[in-house]
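What follows is a single chain, given as structure tokens, in the form predicted on its own.
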């Protein structure tokens, strides 16, 4: 049996854990200095005007939908192939989620997909940058401006992803990032919301902390504040922020390594017609490296048997999920690309500690297996 290869490995150093321990011992676990440090460094990395830590990417998406006033009888378009959080954020507001099929060659919404789903009730679009590849974001932004639609970016896979030199998350009213353990950087659970709109930023700041109108540091009298909005408790702890801060300041090295690993995968797989991959892009952050093939489920079993950690992003299109199927009675024929994507994709590991010999072994196992199966 081969030595185990993990699907993901958090980039957390001994000095990072020591810092977290110091914060835990200090007793200052929230509202601390590392929250602001993390936000400032994230702004710098993405070149956005504002950044706000939150408890998850789902929280960032939910807050974005609330702050843009999605409500009952509104419709919001989202990809049929994404994590359920993208659609749930819309449903929480009472608005109706409208699923659009993806472009199988990119895994993302295209403007053509979106045009098919527009109605007089459409108020917004949430795009996802699948696996770190940017969607047609400039075209979609232009379309949203013409139609007076709110654009929100789900950047859960997109830390380090750019479109024409601009970091994703800067095109819509907000960009929502995830720091789940498998992501490019992690805070355990946690997320970040970026925006370039000051009024929106101020509203999000209040909404993420119960609707309270003043930060602790801004209160002239202890305990004196007002609640002006029906807000939530979507804050990140300071020790989580410290983890995120330490990782974002060194993320350029992480990102460079991810691209090198993606090139190694691409070079080995591109010789074989029975394995489909995306074209290599220097603008992709390579959250994972996806391949597409027949016999996907058999391949997954073989890799598991050989202790090779892989994942699927994603297996089941959202229109097939019981909640959405029961509520909206959605037909498979309208989401053919999403179903095909779900049946054929495998996400291979991409993290800095992954060795070239590991990549070579993963590729050899996959190629040898699929040669036999085809």
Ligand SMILES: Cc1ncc(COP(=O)(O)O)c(C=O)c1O
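Numbering follows the first chain given and starts at 1. Every value quoted in this text rests on a predicted model; they were computed, and no experiment measured them.
Although not depicted, the form predicted together with the ligand is the subject of the following passage.
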{"item": "Non-hydrogen atom within 4.5 angstroms of the ligand in the model of the complex for each of 61, 157 and 180", "value": "yes"}
{"item": "Position in contact with the ligand when the complex is considered in the model of the complex, options 318, 348, 65, 57, heavy atoms within 4.5 Å", "value": "57"}
{"item": "Listed residue that, although the ligand is not shown, lies within 4.5 Å of it in the model of the complex (heavy atoms), from 242, 85, 293, 144", "value": "85"}
{"item": "Option from 172 to 180, 275 to 283, 105 to 113, 207 to 215 whose residues, in the model of the complex, bring a heavy atom within 4.5 Å of the ligand", "value": "172 to 180"}
{"item": "Heavy atom of residue 132 within 4.5 Å of the ligand in the model of the complex", "value": "no"}
{"item": "Residue 314, heavy atom within 4.5 angstroms of the ligand in the model of the complex", "value": "yes"}
{"item": "4.5 Å heavy atom contact, residue 303 and the ligand in the model of the complex", "value": "no"}
{"item": "Touches the ligand in the model of the complex: residue 128 (any heavy atom, 4.5 Å)", "value": "yes"}
{"item": "Contacts with the ligand in the model of the complex, stretch 184 to 207 (heavy atom within 4.5 Å)", "value": "189, 190"}
